[in-house]
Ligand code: ATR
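Here we start with a single chain on its own, the form predicted on its own, put down as structure tokens.
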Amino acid sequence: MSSNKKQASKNNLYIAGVFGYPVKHSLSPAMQNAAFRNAGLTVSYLPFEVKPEEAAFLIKKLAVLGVTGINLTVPHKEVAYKNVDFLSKEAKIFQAVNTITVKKGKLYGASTDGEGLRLGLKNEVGMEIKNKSIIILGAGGAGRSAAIYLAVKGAKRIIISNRTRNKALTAVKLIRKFAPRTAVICGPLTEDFVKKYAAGSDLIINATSLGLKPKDKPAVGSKAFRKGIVFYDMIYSPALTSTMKAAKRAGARVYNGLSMLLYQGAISWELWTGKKAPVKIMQKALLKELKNRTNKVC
């Protein structure tokens, strides 16, 4: 969007946003609009509830519709991958796109989730990925991307725990292709399997959707965790998921996915604007919006 910004004036309003289904829960508008306001840019970031059957058509029409940048969340990342003109290196590896930048009528697809996760772990948890042993719960789009990215960034070992073996094996093959030095193991999404490897691991990441709903059971029970291990749940709302509660009972250090959301959003904003993201402003807006929503529920 850097070229677009040069054309912007006080009389022009540009549109950015997020495609999702559902999308009402998204906190992205709060942080992205705060960043645009802080930078003095006339861009309005909006949530768009896009049904799966509508996604491909609307993505192809982004340039015509005058949209300058879009984030994509469940279930549109794979559809976006197939419908952009150019792909970043990460997007090619993950076969998923969560950020589209529109430049001169062309669509540039990128994946900022992996780097967002890495920065969240570094800046909030204080953990570097290099030489770490990591267990990832789930091998869907989010889990696969995380597994491959962390392997590429130097993880010593990746253990993938997933309900269906085929998806886990797909992630294993991609890690062996793009990060052959990283040891990789896969197995079922069970308490016993995770417990077996937790003793020798530094980090467990939940990349499943279990915990999004109040009545959800934890992805794995308390016995899967060891005292002192870091547990990072990609879910950011609710702030304390059922799996986080289970991990906490076992003495794990628990974190939700708000920092991942923050940093992947900051990277997206930089791709659209060509400017350095005001991370502190975005973080403040996220926390304020989350607090407001919590108060409304209470």
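This is a predicted model, so every value here is computed, not measured. The first residue of the shown sequence is 1; numbering continues from there.
Omitted from view is the form predicted together with the named molecule, to which the following refers.
Segment that reaches the named molecule in the model of the complex - one of 159-167, 125-133, 172-180, 221-229, heavy atoms within 4.5 Å:
Heavy-atom contact with the partner occurs in 159-167.
Please run the contact check for L107 against the named molecule in the model of the complex: heavy atoms, 4.5 angstroms, yes or no?
No, L107 is distant from the partner.
Closest heavy atom of S209 to the named molecule in the model of the complex, within 4.5 Å or not?
Close contact exists here: in the model of the complex, S209 approaches the named molecule to within 4.5 Å, heavy atoms only.
With heavy atoms only and a cut-off of 4.5 Å, decide whether G114 touches the named molecule in the model of the complex.
G114 lies outside the contact set for the named molecule.
Could you confirm whether G140 comes within 4.5 Å of the named molecule in the model of the complex, counting heavy atoms only?
Judged by the heavy-atom cut-off of 4.5 Å, G140 is in contact with the named molecule in the model of the complex.
Would you kindly say which of L189, I93, L121, C186 lies with a heavy atom within 4.5 Å of the named molecule in the model of the complex?
After the contact test, the surviving option is L189.
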